[in-house]
Every structure is written in structure tokens, then in C-alpha cells.
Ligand code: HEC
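Next up: a single chain in C-alpha cells, the form predicted alone.
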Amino acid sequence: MTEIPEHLLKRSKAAKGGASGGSGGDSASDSGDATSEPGNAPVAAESATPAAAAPANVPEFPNLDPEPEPVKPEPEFVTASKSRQRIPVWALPVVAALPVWAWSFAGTMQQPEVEDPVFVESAELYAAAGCAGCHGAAGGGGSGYQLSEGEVLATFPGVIDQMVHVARGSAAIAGETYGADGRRVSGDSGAAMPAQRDALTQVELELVIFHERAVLSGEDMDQPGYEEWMEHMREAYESGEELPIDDEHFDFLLACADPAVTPGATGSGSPDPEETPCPGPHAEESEGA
């Protein structure tokens, strides 16, 4: 226990004596004569000792309470988040139903059809070769015979016979009857069809014939061997094959044609059917597959 200094004890006694009306001293000599005459009240001290003051040498203790942390400013994105407009409660079911609607709507959309080069290129070649100028863009006829509504199929039941006729033109067989129905006389329409053998390659000739038969005249493309023929044209055209229709190749076409339909045809067929089959669809290929 810490000992209290003596001078502090004296000050404390003096303060207590002043408060009780007695002498602040601790002996009779300090306060005067203690035995007064009878009847006389004790005389109070003329001057009271002042109240004890705080000792000057008591150290001041530091303030140990932690200082409050400064308030950090609120980030801008938090302020913006609090102030932006919220989705109304009534709209929440609509928002929740959007994914279901999007999924069902996507299921009703049709995938875009990829354009088949057989159809695209055959139509462009039909116009570029000048066929549309005489036979009409839709094959309805004009200065040339009608090709639509099955007319060209009645004249040329086989693809190869029509190829021979277009390749050599009508002037080469002027006045001769051709076709399976016996109704066509070369040059009888008044306009001679020019030969296309020098203007078209073999695959281009096949594409023109395909357009006239399948597109304009509605030939059945589901018949045996037709898809194989179309695939052959796709591959040949995309590979850039440029087989010219020279004299040797034209003789090959005459060998593949039917003499009853095409003047000058031999009908002997291809000398090597495995390596160089006659152009056009072949039913036996599909049946044997």
C-alpha cells in the first residue's frame, strides 16, 4: 500500500478543523489559550485555512479510450445500386417466364435451307446459255419448243438423248424427226437451236439438262439412280472438272443414246461401263446397291 506524504495529512486535518469550527492546529499553542474566562465563548480563528488544493506533482494519466475511426465514403457503384429503379413485383412472374418462352419459340424456328449447287448452278447456266430466250424462263416455250409440264420428258424419256440433241443443235439434223413421240422435226419451229458442245463442258451440259427436266418439267427425282446422278454433278462441278465435248466425247454420247429417239445414235453403250459409265441416272446402279 502506498504511504501518504506527511504534508498532505496536515492539510487534510486543517481542512477538517475549519469545517467543524475548531482549530486547525494539533496543540494549544497553535490555537491560543484553550481555558477562557467563564461565560465567554471561544474565539474562532481569524483566518480559516483554505481548502486543500490538488497536489501539483500528481501526474495526468493519458486518455486510453480509442479514437473513433473516420467514416469511409460510400463507393459510387453502391450509391448507384441503391438509387436505380427496381423491377416491379408484378413483373417478376413475367421475367421468370421469359426463358421458357424463348426455349419454346426457338423450337418453332425453321433452320435455313442450304442452297444446293445443283439447283443454283443449273438455273444460272440455263439462262447464260441462252435457253431461256427461246424456251422461256419457266420453260413455257416461245420460238423454241415448250419444256415445262412434262413436254421435254415426252420427247426425251432418257437423259442422254436430250444431252446429244442440245450438244449438237438442231441445224445438224435439219428436217429429221427426233424424239420418242415422233412429233418433233428439227427446224420445224422456225428457229434453229445452236450447238452447245463448244460452249459448255460435260458437267455444265448435264446441269442444263437437269434444270430443264427436274425443275421445269417436274421429273421425279426419287427414281432409282437419280440421287447418284445429282451427287456426281455436285462433285464434278465443285472440283472444277472441265471435260470438253470434243469429237471423241460426242461419239461416246452417241453410243450411249437410243437410236429410236436420237438420229445418228448407235446405242452400243459405253465401251467401259465401270470406268466411264454413260452420263445420267442409272437404275441398275441403285438396284445393285
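Start at 1 with the first residue shown and count on from there. Source: prediction; values computed, not measured.
What comes next is about the form predicted together with this ligand, which is not displayed.
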Should Ala97 be counted as a contact of this ligand in the predicted bound form, where contact means heavy atoms within 4.5 Å? no
Does this ligand come within 4.5 Å of any heavy atom of Ile160 in the predicted bound form? no
Would you classify Ser148 as touching this ligand in the predicted bound form, given a 4.5 Å non-hydrogen atom cut-off? no
Is Ala129 part of the interface with this ligand in the predicted bound form - any heavy atom within 4.5 Å? yes
Tell me which of 89-97, 73-81, 116-124, 181-189 has residues with heavy atoms within 4.5 angstroms of this ligand in the predicted bound form? 181-189
Residues Val152, Val208 and Glu212 all lining this ligand in the predicted bound form, heavy atom within 4.5 Å: yes
